[in-house]
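Consider the single chain below, provided in structure tokens and representing the form predicted on its own.
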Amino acid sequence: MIKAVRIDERLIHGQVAMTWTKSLKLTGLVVASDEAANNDIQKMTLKMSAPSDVKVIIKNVDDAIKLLEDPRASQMNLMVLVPTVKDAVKVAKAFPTEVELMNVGNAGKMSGPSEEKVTLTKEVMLTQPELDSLKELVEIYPETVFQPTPAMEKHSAKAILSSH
């Protein structure tokens, strides 16, 4: 069962490891990232960042989708972590009704601000192509929310997009 898909360019970090895993009672984290899947050091670091009782699987986006299609995945409580909105759209298209929570965490901040980016929240800065991807994601999952941690207030992605 896909409890959540989270867009977070940091992938697994304290907020995910300490709050989201407990809040959603996760048994597994699936990192769907072409870059992370091809970087052994990043894979090792991500696996060390997760709680020991939570299984971590790191695949490129296409292989992560194949993994999630396996019936055994429906027996687990999974969060899929993707680094970009575009990757989230790909996962959403593969699972248009199965995701319980579509969450935008952190995006566009690691590369820093630029004139090309629009600041949507203090955690999310997107370029126009990324904004277009977010609009596509909201069409598939209208209940998409911006929520950094489970304890923080949810903000509708649709409402945030309409104000920009």
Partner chain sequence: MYDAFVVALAVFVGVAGHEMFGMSMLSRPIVVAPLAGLLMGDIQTGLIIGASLEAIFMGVVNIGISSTAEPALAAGLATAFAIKMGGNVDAVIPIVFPLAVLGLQLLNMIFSFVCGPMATNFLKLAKEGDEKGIVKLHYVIWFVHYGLYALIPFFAVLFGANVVMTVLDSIPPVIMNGLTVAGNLLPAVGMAMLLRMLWSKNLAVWFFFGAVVMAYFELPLIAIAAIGTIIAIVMAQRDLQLKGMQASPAQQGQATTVSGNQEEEDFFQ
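What you see is a predicted model, and the numbers here were worked out from it, not measured in a lab. Residue numbers count along the first chain shown, from 1.
Below, we turn to the form predicted in complex with its partner chain, even though it does not appear here.
For M102, no non-hydrogen atom is located within 4.5 Å of its partner chain in the predicted complex, even though that partner is not displayed. Of the heavy atoms in D70, some are within 4.5 Å of its partner chain in the predicted complex. Interface membership of E98, defined by any non-hydrogen atom within 4.5 Å of its partner chain in the predicted complex, is ruled out. Put simply, S156 is far from its partner chain in the predicted complex: not one heavy atom of it is within 4.5 Å. For the residues V61, L120, I58, A50, the 4.5 Å heavy atom test against its partner chain in the predicted complex is passed only by I58. Think of it this way: in the predicted complex, its partner chain has a heavy atom of just one of L137, A32, A107, L29 within 4.5 Å, and the residue is L29.
Residues G14, Q15, M18, K22, G28, L29, V30, K43, K47 are the ones in 14-49 with at least one heavy atom within 4.5 Å of its partner chain in the predicted complex, listed in sequence order.
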